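Next up: a single chain in structure tokens, the form predicted alone.
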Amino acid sequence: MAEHKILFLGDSHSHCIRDALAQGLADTQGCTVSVDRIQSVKNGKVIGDRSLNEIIEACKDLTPDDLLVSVIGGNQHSVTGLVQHDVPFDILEPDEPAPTDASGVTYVPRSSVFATFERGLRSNDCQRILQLAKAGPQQTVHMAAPPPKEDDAHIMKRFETKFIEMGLAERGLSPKPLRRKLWRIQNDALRKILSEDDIELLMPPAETVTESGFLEPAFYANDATHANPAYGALLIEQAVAWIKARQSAANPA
């Protein structure tokens, strides 16, 4: 009998985990790992495995030894800043020197961007995460989305429908440093909200992040924002390590 059940729940970022399981890439150490994409309507079609309400009901059968891993949402930073805006903008981080030549760039206060992310997350993704966390006796964590990709040429080869609609092909990409800043601010807002209910935010495994803070190319999926099954395997192993560490801490030898 498996020691723990680990249930990954989310949206499009769950696909790399599903593929990793299907290809047998992850060491689950005896845990039973499953993945559900939450149903939604996209381009007029229902996609996903189960509705949020169905998953909430299923959580009632979990135990305190089990783990629910949210990979809900995650692409807000890309929707906000992947495509070059009509008015080029940047964000001045607290440790950054003030620009000597803004060159037509509008600088937006970090606090304003943080507040925008926080407001959007509270009204959507974090509500779903909290509903799931409260649905059963299991432990719950949320995994941050993969870091942005640094390779502009890779992004422009094939990108998702949302970015087609936003005119990425015509407008081009926003600067890399801005994309990285937006991802970090999104995670800071997530961490603040989730900590209010003692839900831990797990950051991407260290080996998947470059020294400059982007996704390692070895973990790119063939689109603008998603990661591949090798990345999904590391997420599975990260979740296994998390629940086993919690068990060890609760039951020291």
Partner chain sequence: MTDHPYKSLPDKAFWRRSVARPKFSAVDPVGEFSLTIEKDTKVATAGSCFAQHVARHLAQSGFNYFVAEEGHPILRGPVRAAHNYGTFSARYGNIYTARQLRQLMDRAYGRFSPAEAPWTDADGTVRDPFRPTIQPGNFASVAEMEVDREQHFAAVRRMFEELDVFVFTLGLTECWESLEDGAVFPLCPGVEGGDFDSEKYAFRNQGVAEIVEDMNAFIEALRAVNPTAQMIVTVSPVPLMATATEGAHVLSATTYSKSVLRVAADMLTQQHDFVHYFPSFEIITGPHARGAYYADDLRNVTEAGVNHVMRLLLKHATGTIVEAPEDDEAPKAKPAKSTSQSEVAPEAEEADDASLAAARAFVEVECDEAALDRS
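Computed from a predicted model, the values in this text were never measured in an experiment. Positions refer to the first chain, counted from 1.
There is another form of this protein, the form predicted together with its partner chain, and it is not shown here; the text below is about that form.
- Using a 4.5 angstroms limit between non-hydrogen atoms, residue 223 touches its partner chain in the predicted bound form.
- Although the partner is absent from this view, residue 170 stays clear of its partner chain in the predicted bound form, with no non-hydrogen atom inside 4.5 angstroms.
- Proximity of residue 42 to its partner chain in the predicted bound form falls within the 4.5 Å heavy atom cutoff.
- Its partner chain in the predicted bound form is not approached by residue 203, whose heavy atoms all lie more than 4.5 angstroms from it.
- Between 194-202, 28-36, 42-50, 57-65, the stretch whose residues reach within 4.5 angstroms of its partner chain in the predicted bound form through a non-hydrogen atom is 42-50.
- The putative spot formed by 92, 97 and 106 is fully lined by its partner chain in the predicted bound form; each residue has a non-hydrogen atom within 4.5 angstroms of it.
- Checked against its partner chain in the predicted bound form, the residues 180, 128, 110, 122 give one hit for a heavy atom within 4.5 Å, which is 110.
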